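Presented as structure tokens, the chain that follows is alone, the form predicted on its own.
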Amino acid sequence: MNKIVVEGLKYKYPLSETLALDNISFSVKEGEFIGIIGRNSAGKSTLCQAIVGLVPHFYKGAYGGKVLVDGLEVKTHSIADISLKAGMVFQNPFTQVTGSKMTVYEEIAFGLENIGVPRTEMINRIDEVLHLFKIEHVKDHNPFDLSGGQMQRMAIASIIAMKPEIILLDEPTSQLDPGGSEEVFQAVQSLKNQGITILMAEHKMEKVAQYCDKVLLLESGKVVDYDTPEVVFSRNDLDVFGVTAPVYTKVCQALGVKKKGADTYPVTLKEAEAALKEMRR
């Protein structure tokens, strides 16, 4: 079952002369984890905003095509309607902080209060996400006293606590160290295992290759490729699109080592180890 369907999506920001999204079409099945990659200004953030309805309802401009989120057409439904199905985590956590709450705990509770979650359930959900993102120790801190990484985890936790069926994340690990990035990907993977559909714009290709089911490669608002990580990262023209393949893939490409029985290169450490062992045999 397709959870998201994008058909011929075109969008141009007000006063812009070029399309930010140019005839984009793809679909996402329920429970899939999709990585969105491409250089800065490729259209990744705009696409995420189009799926949750910020485009065209908040950011006006020329809009064409169709986006369906769990059967709801974005153009004909309000952002509030779409938010019950899909939640988005922005690249800059300051964008999401309400500024009206004095503690991290209250900040996470804000969205749950708005959708009428019962108090007992609310407490359970907050405790769960605080533990998931290892921020229990700052639950009584003011959100603006947090480090950048802590604030990003809080922003992600506030969305996940609402338990949307679809979660979009716009470069959520940009302000996190390697350990924090790994924690975020593991948390997102656990959500995928629960059947939640995930779309993540990300620049850390090793993580995208390791965790994502498919990769959507964008350039100048157009879809260049949409396939498994093995197929997309085995392209020999990724540098043209401002993308660097995972280091394991680059090593195997240099050595001419492909996956056994396939025409693609390894994209993870485990795959590279297996391919190199096979080569030695």
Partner chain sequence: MKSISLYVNRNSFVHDVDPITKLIYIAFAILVPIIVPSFTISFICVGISLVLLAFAKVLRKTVPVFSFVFLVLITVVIIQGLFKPENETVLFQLGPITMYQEGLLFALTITLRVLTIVSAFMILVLTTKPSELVESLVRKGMSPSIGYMIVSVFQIIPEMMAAVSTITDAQRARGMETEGSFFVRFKAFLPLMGPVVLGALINTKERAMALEVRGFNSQVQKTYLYEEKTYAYSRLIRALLLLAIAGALVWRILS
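Positions refer to the first chain, counted from 1. From a predicted model like this one, the values you see are computed outputs, not experimental measurements.
If you look for the form predicted together with its partner chain, you will not find it shown, but the lines that follow are about it.
Peer 1: Does any heavy atom of residue 113 come within 4.5 Å of a heavy atom of its partner chain in the predicted bound form?
Peer 2: Residue 113: yes, in contact with its partner chain in the predicted bound form.
Peer 1: In the predicted bound form, does residue 193 come within 4.5 Å of its partner chain, counting heavy atoms only?
Peer 2: No, no contact at 4.5 Å.
Peer 1: Quick one: is residue 119 in contact with its partner chain in the predicted bound form, heavy atoms, 4.5 Å cut-off?
Peer 2: Close contact exists here: in the predicted bound form, residue 119 approaches its partner chain to within 4.5 Å, heavy atoms only.
Peer 1: Verify the contact flag for residue 34: yes if a non-hydrogen atom of it lies within 4.5 Å of a non-hydrogen atom of its partner chain in the predicted bound form, no if not.
Peer 2: No, residue 34 sits far enough from its partner chain in the predicted bound form that none of its heavy atoms falls within 4.5 Å.
Peer 1: Quick one: from 187, 109, 130, 198, grab the residue that has a heavy atom within 4.5 Å of its partner chain in the predicted bound form.
Peer 2: Exactly one listed residue reaches within 4.5 Å, namely 109.
Peer 1: Only one of 68, 54, 231, 217 gets a heavy atom within 4.5 Å of its partner chain in the predicted bound form. Which one?
Peer 2: Exactly one listed residue reaches within 4.5 Å, namely 54.
Peer 1: Could you run down 81-95 and flag each residue that has a heavy atom within 4.5 Å of its partner chain in the predicted bound form?
Peer 2: In sequence order, 83, 84, 88, 90, 95 come within 4.5 Å of the partner.
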